[in-house]
Every structure is written in C-alpha cells, then in structure tokens.
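This document starts with one chain, in the form predicted alone, laid out as structure tokens.
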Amino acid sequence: MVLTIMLVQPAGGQDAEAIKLPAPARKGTLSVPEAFAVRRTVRGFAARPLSLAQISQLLWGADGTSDPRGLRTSPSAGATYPLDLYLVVGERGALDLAAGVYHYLVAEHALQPVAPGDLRPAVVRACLNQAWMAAAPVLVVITGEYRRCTGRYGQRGVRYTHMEAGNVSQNLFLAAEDLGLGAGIVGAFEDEALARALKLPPGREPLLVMPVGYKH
C-alpha cells in the first residue's frame, strides 16, 4: 500500500508528517439491527494486526466527516465538536503503520504522529494496570476539550461533552463489529498519567479508552 504524506501545522508550531487514510466505505457487511444484536464488550484479542483500511473505517465511523458541510457521524451539541480521537498503535499492531500515538485529524481524514514507539504499556499503567488491554493491537482514546462546548453552553457543556463521548464510543463499537472486530471500553484510569502518556495538549482530557482488534 502506498501512503500519502501531508504536512500539517500542529498546535506546537512544528511541521509533522500526517498520514492520509484510505477513503472509508459507505456500505458495510452488517445491517444496523445486525450490528446491535452482536455488539459485545470484548476483553480478549488475537495477536493480529489491523490494516489501514480498517483503521480508517473505525475512526471515520466513530467521529468522521459524513457530509460536505463538515457534519460528522456522531451528533454534537451546537456542532461544537469538543472531542478528539487518539490512536495508540502497538508493535506490529497495524500494517503499514509504525507503533506510536497518532491524533486523528477529522477534516483531513489523516493521522498526525504524536509520539513514536509502543506506548500501550504506559496506557495500561495509567488504566490501573488492566493487563488485558495490552493484547489489543490498537487503542482508541476519546478525549474532550470542554471549553469548546462550555464557551457556548456554560457548565452544561461538560455534560454535553460526556454525552458526545458516549455517542462516539457506541459508533466505534458498531464499526468494529461491522469489520469483524471487537472493542472493549475502559473508564477507570488516572487522568493525568494517561494525558502524559498520550502527550495531550493542556485542556484536553481523556474520557474513554477503547481497545480494538480481532476477537480472541
């Protein structure tokens, strides 16, 4: 597979190479009711890498752009979009993608590298040493920047941000099932430790961690 590399300007002010993801499919293998029926929380994963096409479909299904006007697959209060997704890729966790942490750039449908190396152990430690998570080839971390929503809705925007995280997590569950994959979900973690492991910018809070991979 040939990767498309783009230059983007992250908040830190340094150019970083962003990896353009394959275009997502608009038709799947399961109907919505079929995906509802088989969705389960998975805690056992096979040592099998994911493809870039699968990663593309997972991230797009979770919270990607679904409309030329910029609307997304998940609803957002006032289209404030307070969430960001981070992909943690393990060693040999993905084909044609090095181990590391990546920020999902929604508008570009691309991955911006954040930190190199297999950081799953650091994420597991931050998640109160839940060792089963380390078997997943990739982890999707849903983060929130409350001020995007509270700027319009005041303190109520915190609740709206949490509601949106729930919407995105369910989207990811269903996208995984459609691809023949499974997903878990973790809310027990030390916020500051997880933010450090992911090198999150100030004001961006981890909300949920979702291990994803082939079911064991």
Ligand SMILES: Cc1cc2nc3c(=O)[nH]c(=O)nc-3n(C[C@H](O)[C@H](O)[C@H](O)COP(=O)(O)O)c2cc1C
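All residue numbers are counted from 1 along the displayed sequence. Quantities reported herein were computed from a predicted structural model and do not represent experimental measurements.
The form predicted together with the named molecule is left out here; the points below concern that form.
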Q. Which one, 22-30, 59-67, 143-151, 40-48, holds residues whose non-hydrogen atoms are within 4.5 Å of the named molecule in the predicted complex?
A. 40-48
(Q) So in the predicted complex, is the named molecule close enough to Val186 to count as touching (4.5 Å, heavy atoms)? (A) yes
Q. Taking heavy atoms and a 4.5 Å cut-off, does Ala195 contact the named molecule in the predicted complex?
A. no
Q. If you check in the predicted complex, is Leu200 within 4.5 Å of the named molecule, heavy atoms only?
A. no
Q: Please run the contact check for Ala18 against the named molecule in the predicted complex: heavy atoms, 4.5 angstroms, yes or no?
A: no
Q. Using a 4.5 Å cut-off on heavy atoms, which residues of 121-147 contact the named molecule in the predicted complex?
A. Gln130, Trp132
